[in-house]
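As a starting point, one isolated chain is supplied in structure tokens, in the form predicted alone.
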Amino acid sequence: MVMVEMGGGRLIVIGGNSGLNAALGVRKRNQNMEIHVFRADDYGKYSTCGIPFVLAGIIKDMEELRMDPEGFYEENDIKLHSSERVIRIDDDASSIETESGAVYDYDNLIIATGRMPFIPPIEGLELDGVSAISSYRDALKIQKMMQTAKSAVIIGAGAIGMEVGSAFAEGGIKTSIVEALPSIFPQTLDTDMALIVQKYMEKIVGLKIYTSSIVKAIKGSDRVECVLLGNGESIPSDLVIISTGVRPNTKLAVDSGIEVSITGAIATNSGMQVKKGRSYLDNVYAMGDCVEVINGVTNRPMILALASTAALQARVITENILGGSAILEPCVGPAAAVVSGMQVGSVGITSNGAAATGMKCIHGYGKALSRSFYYPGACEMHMKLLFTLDGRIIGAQIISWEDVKERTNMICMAIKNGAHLDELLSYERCYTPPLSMLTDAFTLALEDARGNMRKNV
């Protein structure tokens, strides 16, 4: 990295997790700027994505998820204001005000206030043994409850809910997962692909999964004793985890007159600058789980609460604060999860997502081994690809026990580049028995899609 000699000025970051990435990006290239980070809690920067793997015992304890070890802020010449909540942004005066009444001027401001757990209005949420899973404190609370829990119910079957469910089951806790929608991983997998994961989790891992099911109430005297479903069934439980998604934390932005869109997240332009009234503010940026992005398939705004997306946003903001003109391109959301060793990847749009926006698409399915059948370690790989009616790739879902992340990233690039089915079939691919099949799941899915496309003509 080449150090750029620049003037000073003051950068203020509100929120110390994803926003810290932008602060560090600025610091690496400008040693003169004064940088302040305000966080409402005292947890420090940690990897939220790692929490399920701490609960599973794969990672020793929560401290290993810390990404700002002792001395971190001093070494990077960043002033940390811990447990100091910002309550007001005055863009006319280019200043912020904290709960203590202190006022700080800024030359550039980054809003990275993150997200809040969505807690559905269910009777019994106040009982002991019930917890959301959204913060460092939640994780410590759940770790303690796991020590005596015999049975658990997880409400919500997204990636976090499924990862926590597998952690509980492998830890000897009898675990049920309740999902209101018709299938697990509802935002990232079609029902046919989700069933592959569900059967594995039920048969091999021992989870009990309820789909198309509503939790009516959590019952108990002082402590949770059971979960009552809408159909009247009662599931015994002494531990309940709420994993029903998140919502952008936009209260500060709304209170300060910054525009929030129909998605409920902060609206920005492609340079990550926020909007107030009819104009975008040159020196106020927003990033992370509190902002919306543009969907690269539908061209509609969406919320994409992914750490990888926040990292891209940090690079854009860093460049622009330092005088550049970077933009965040529309996003297709490559995502991965690991549940009891099974890897689940997705990118782009699902069939359900396409139908919800009125898009018509064609799919192709392929199943093959991840390596040559005679090579040790070969495992099944399932792949579903989605295409527009004219053959442009718009989505993929991959399930296997290896190589899912690499395949997902490859298809992400294909979607971003508008690759066509025929073009993908013509690509050269490497082959060696320890790493691949000569005709792999991707090729089979492409061939299946081409056949389905011909039927559609």
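From 1 onward, residues are counted along the sequence shown. Bear in mind the structure is a predicted one, so any value in this text is a computation, not a measurement.
The next section is about a form of this same protein that is not shown, the form predicted in complex with a further copy of the same chain.
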| item | value |
| --- | --- |
| Three-residue site 374, 423 and 455 fully in contact with a further copy of the same chain in the predicted bound form at 4.5 Å by heavy atom | yes |
| Proximity to a further copy of the same chain in the predicted bound form, single hit among 368, 201, 78, 304 (heavy atom within 4.5 Å) | 304 |
| Residue among 122, 267, 378, 336 with a heavy atom within 4.5 Å of a further copy of the same chain in the predicted bound form | 336 |
| Per-stretch contact check against a further copy of the same chain in the predicted bound form, the hit in 180 to 188, 308 to 316, 111 to 119, 279 to 287 (non-hydrogen atom, 4.5 angstroms) | 308 to 316 |
| Contact label in the predicted bound form: residue 222 to a further copy of the same chain, heavy atom within 4.5 Å | no |
| a further copy of the same chain contact at residue 213 in the predicted bound form, heavy atom, 4.5 Å | no |
| a further copy of the same chain contact in the predicted bound form: residue 320, any heavy atom under 4.5 Å | no |
| Touches a further copy of the same chain in the predicted bound form: residue 432 (any heavy atom, 4.5 Å) | yes |
| Sequence-ordered list of residues in 400 to 434 near a further copy of the same chain in the predicted bound form, where near means a heavy atom within 4.5 Å | 403, 405, 406, 407, 408, 409, 410, 412, 413, 414, 416, 417, 423, 424, 425, 426, 427, 428, 429, 430, 431, 432, 433, 434 |
